[in-house]
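Consider the single chain below, provided in structure tokens and representing the form predicted alone.
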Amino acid sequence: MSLSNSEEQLMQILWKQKQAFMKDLIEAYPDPKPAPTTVATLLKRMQDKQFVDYKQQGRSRKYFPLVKKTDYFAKHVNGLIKNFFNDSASQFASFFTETTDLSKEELEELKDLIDRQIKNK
């Protein structure tokens, strides 16, 4: 299951804060800030999708992510590779390195990362 753009924006805030009350989440938004009812609706939908949960603290709820950012991102990258690059990581890598403005140093860092992964396999 995936998140809508607005849910993903809220999830980014929650990942950064690790756990937060709704007022803290609203404060973290750029201006114009969403209405509390909007954030409450998003949190409920995200809870239904099992992306977030909360701990009751008095009359307030402290929300926390149930899904790690790296897991969510990995799922999307794998979907991107499957759907847009014929399930070929090398086609994705070729597209990525040719269409982004990476410096020689950044390309060398990528090469080193790949070399380390090859060595570990």
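This one's a predicted model, so the numbers in the text were calculated from it and none came from an experiment. Note that residue numbering begins at 1 and tracks the sequence as displayed.
The form predicted together with a further copy of the same chain exists for this protein as well; it is not shown, and the discussion that follows is about that form.
For a quick test of understanding: in the predicted bound form, does each of Met22, Ile26 and Leu42 have a heavy atom within 4.5 Å of a further copy of the same chain?
So, no: the whole triplet misses a further copy of the same chain.
Although a further copy of the same chain is absent from this view, report whether Gln12 comes within 4.5 Å of it in the predicted bound form, heavy atoms only.
Yes - in the predicted bound form, heavy atoms of Gln12 and a further copy of the same chain come within 4.5 Å of each other.
Are any of the heavy atoms in Ser4 no more than 4.5 Å from a heavy atom of a further copy of the same chain in the predicted bound form?
Contact with a further copy of the same chain, no.
Given that the partner is absent here, does Val67 sit within 4.5 Å of a further copy of the same chain in the predicted bound form, heavy atoms only?
Residue-level check for Val67: no, no contact with a further copy of the same chain.
When the contact criterion is heavy atoms within 4.5 Å, does Phe95 count as touching a further copy of the same chain in the predicted bound form?
It does: once a further copy of the same chain is placed as it appears in the predicted bound form, Phe95 has a heavy atom within 4.5 Å of it.
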